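A single chain comes next, written as structure tokens; it is the form predicted on its own.
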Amino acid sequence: MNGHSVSAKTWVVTTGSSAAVPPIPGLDRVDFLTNRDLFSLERLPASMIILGAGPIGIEMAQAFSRLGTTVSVVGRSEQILSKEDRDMADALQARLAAEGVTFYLGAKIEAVSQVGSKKCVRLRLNPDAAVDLTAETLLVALGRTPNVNGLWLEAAGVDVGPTGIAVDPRLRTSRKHIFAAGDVNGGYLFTHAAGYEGGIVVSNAVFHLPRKVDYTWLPWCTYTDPELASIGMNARRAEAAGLDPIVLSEPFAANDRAWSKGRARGASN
């Protein structure tokens, strides 16, 4: 640090992640926002294009729309929140659309440019349909990338993959005295997951009590209104794991408590 060498028996890498900025033509020549600087705006933008229909993009779409911004969401997948069950994601999309959010899904982002004081995004929805969107502000929410640049992990013999530092169930890297917890290991990108992993690291590295991660009952939530939440696997993640889930669904409209709280929209699976 600052030109001085530091040595230790055990190391923990917890450098987190940053917004991924894909190589979209023209994006490097316009001013855009990410989640890091989104909350430093001095005034409310009149219009906003959000690139990305994941949790950050969808949460911010609803928040800014409710504040009065005209919001368009561009998604590369055919559904918002692609890790969620389709019926749940579609219900949330319908709610946001009713509030005024416009969606362009299954879109290829061809280029970004500056047109006067506005940002312009050219989309390709199918081979014969190009769409030009224009807005005052552009938010890039196209995933996360681990903060590993400048750490020289390869020189230390630590394996780093495209999504983050590779770890075993005890959160040890390829160098067993070096651990990685939180977003930097590319696992579950939640604050509560990072806190849980920190406890696993302390158990293994400090107390030498072998302990492995277990995400069976991990809470998973997108903070919209209504929230889209689950504990453990939903049907999509169960199918991806090779299971054949049976899904039982109960609409909140059939629940008296939901009506009494004014929350009768939505369902539980």
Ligand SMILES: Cc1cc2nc3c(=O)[nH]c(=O)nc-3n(C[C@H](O)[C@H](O)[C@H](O)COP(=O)(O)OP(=O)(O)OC[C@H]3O[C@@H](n4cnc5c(N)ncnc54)[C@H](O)[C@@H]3O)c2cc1C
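The first residue of the shown sequence is 1; numbering continues from there. Please read all numbers here as calculations on a predicted model, not as lab measurements.
Keep in mind that the form predicted in complex with the ligand is missing from the display, and what follows is about it.
- Contact check for residue 101: every heavy atom lies farther than 4.5 Å from the ligand in the predicted bound form.
- Within this chain, residue 56 lines the site of the ligand in the predicted bound form, having a heavy atom no more than 4.5 Å away.
- Looking at residue 16, you'd find a heavy atom of it within 4.5 angstroms of the ligand in the predicted bound form.
- Within 4.5 Å of any heavy atom of the ligand in the predicted bound form lies no heavy atom of residue 215.
- Each of 151, 181 and 189 comes within 4.5 Å of the ligand in the predicted bound form, counting any heavy atom.
- This chain is displayed without the ligand, yet in the predicted bound form the stretch 7-15 from 21-29, 243-251, 256-264, 7-15 comes within 4.5 Å of it by heavy atoms.
- The single contact residue among 35, 70, 62, 234, judged by any heavy atom lying within 4.5 Å of the ligand in the predicted bound form, is 35.
- Only one of 158, 91, 120, 194 lies close to the ligand in the predicted bound form, with a heavy atom inside 4.5 Å, and it is 194.
- Contact annotation for 139-166: residues with any non-hydrogen atom within 4.5 angstroms of the ligand in the predicted bound form are 144, 147, 151, listed in sequence order.
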